[in-house]
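Only one chain is shown below, in structure tokens, and it's the form predicted on its own.
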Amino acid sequence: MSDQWYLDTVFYELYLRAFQDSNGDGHGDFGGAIERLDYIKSLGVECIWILPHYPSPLKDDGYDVADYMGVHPDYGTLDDFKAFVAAAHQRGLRVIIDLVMNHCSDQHPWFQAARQDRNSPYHDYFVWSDTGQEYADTRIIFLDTEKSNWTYDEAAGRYFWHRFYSSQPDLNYDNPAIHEEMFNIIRFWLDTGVDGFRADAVPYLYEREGTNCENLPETHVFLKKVRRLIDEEYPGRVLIAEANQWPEDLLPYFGNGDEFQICFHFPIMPRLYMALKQADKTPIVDILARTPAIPEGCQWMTFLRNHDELTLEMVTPEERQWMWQQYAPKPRMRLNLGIRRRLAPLLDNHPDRWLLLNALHLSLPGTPIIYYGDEIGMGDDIWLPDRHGCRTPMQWNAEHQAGFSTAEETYFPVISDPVFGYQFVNVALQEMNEDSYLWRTRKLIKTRQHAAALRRGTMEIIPTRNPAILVYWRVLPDERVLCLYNLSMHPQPLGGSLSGIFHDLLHPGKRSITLSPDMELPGYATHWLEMAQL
């Protein structure tokens, strides 16, 4: 079972540039991250996911890779990377990295060779057209900036295909040479000791006329090869699919347990916010009912926020408009089909909402991710371009540059507004306050990790007559935890037929709770309960 460590793990998403600057250049780096590993360990998380660390022109913050086997000089050297992995392992922390398989940077030597010479073997590393008319049924993902998935390249005299920015040409997976390149890249990083990959944008690897160029059968043939390579040569490593799709469309990415061990569950995320704002559990219950069973040893991955916009692709147009009105009333808060805001601002910095949503997230089936800074309720800067407003420096203390750097100027300004400024929101202050977001995060994670049913138990939703009350059991043969939430700000009757005497895992020092259908739950009540032994 040790090879299935990911089933029990809470992940921490680490943006290196934002975390800690060790050399005073205004950019976070591996040296700085090593200094902060004990802090990460203290949260109770067990695996760190590092955002792209590769050499890159940074037009997409590292997802435009210019060298798959290097380290961006801002972050340090390959030796620094290896030292970070070793230091994490010494603390019992695993490390996974981003594997950007769909595309590279237009500055990558492959593309530079491809565009200069049509007879170069590298020309066939990419997808070209003489007309730019093919694959017309394919949606454009970055609607705010891209008008087409084809871009004309003057040097090549042809159009190249890209699903994201025009500075990110897609790789041609119909070329077996690309398969071999990717296999070599995978081996290279696994040889450094990393514990697996979060594979970026995997639905888009192949193109076929007359389709939407997503989730094609050929994609799964290749991905099964990747999984087989890892299992045979590097057992115990994990492969995670980042695929923004409906749950039923994600099912093939698990294969028969022979493709990805974990797939991101994107559609559940906006519905958590929807249910909280509506004080109605229906969006959560409906998407969970729509979520299919998955093979044994596989898992969903859940999150409240991450480095991208809060995506609203997997909602109806009407729901999207409503979410924008409720959570992003200013145009600068919106991006593409989503919202570029952090967790605490989305929740109006309301501690009870924050606790409820985090407890709900950590008690749902799945492997959860905590995004750096959300554990202290960091704010955002909507005036920065693109998704950068949610990628500002970590706020360690109230000193110069929030303790992030000794530099006079950092890669982005530290948040300094009157509510979320580093003078008021930082790790040092919250360490001294046992009711802070930081202490609550540790409490939630520690409680989850000591309750096996919250990690691996089946889920049984309990009907109630009140749409604001969400109740479910997480069940193992020898353990049951009852998760109970009032999604409304107002007191609400429990309803249903639930009754009994329970101990509250989140408030163990308080007296037992007696549940009955006519009892009233306070606004935003949040409980993880075990049946009391009588």
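Residue numbers here begin at 1 and follow the sequence given. Predicted, not measured: the structure shown is a model, and the values here were computed from it.
If you look for the form predicted in complex with a small molecule, you will not find it shown, but the lines that follow are about it.
The closest non-hydrogen atom of Gln168 lies within 4.5 Å of the small molecule in the predicted complex. Although the partner is absent here, Asp308 sits close enough that one of its heavy atoms falls within 4.5 Å of the small molecule in the predicted complex.
Contact annotation for Tyr485: none of its heavy atoms lies within 4.5 Å of the small molecule in the predicted complex. Residue contact with the small molecule in the predicted complex: Asp60 places a heavy atom within 4.5 Å of it. Residue-level contacts in the predicted complex: of Arg342, His103, Lys281, His108, one residue has a heavy atom within 4.5 Å of the small molecule, and it is His103. Comment: the small molecule is not present in this chain, but in the predicted complex one of Trp324, Phe160, Phe142, Tyr125 has a heavy atom within 4.5 Å of it, namely Phe142. Against the small molecule in the predicted complex, the set Arg36, Tyr372 and His400 makes no contact: no member has a heavy atom within 4.5 Å. Stretch 192-200 is the contacting one of 74-82, 283-291, 88-96, 192-200, since its residues have non-hydrogen atoms within 4.5 Å of the small molecule in the predicted complex.
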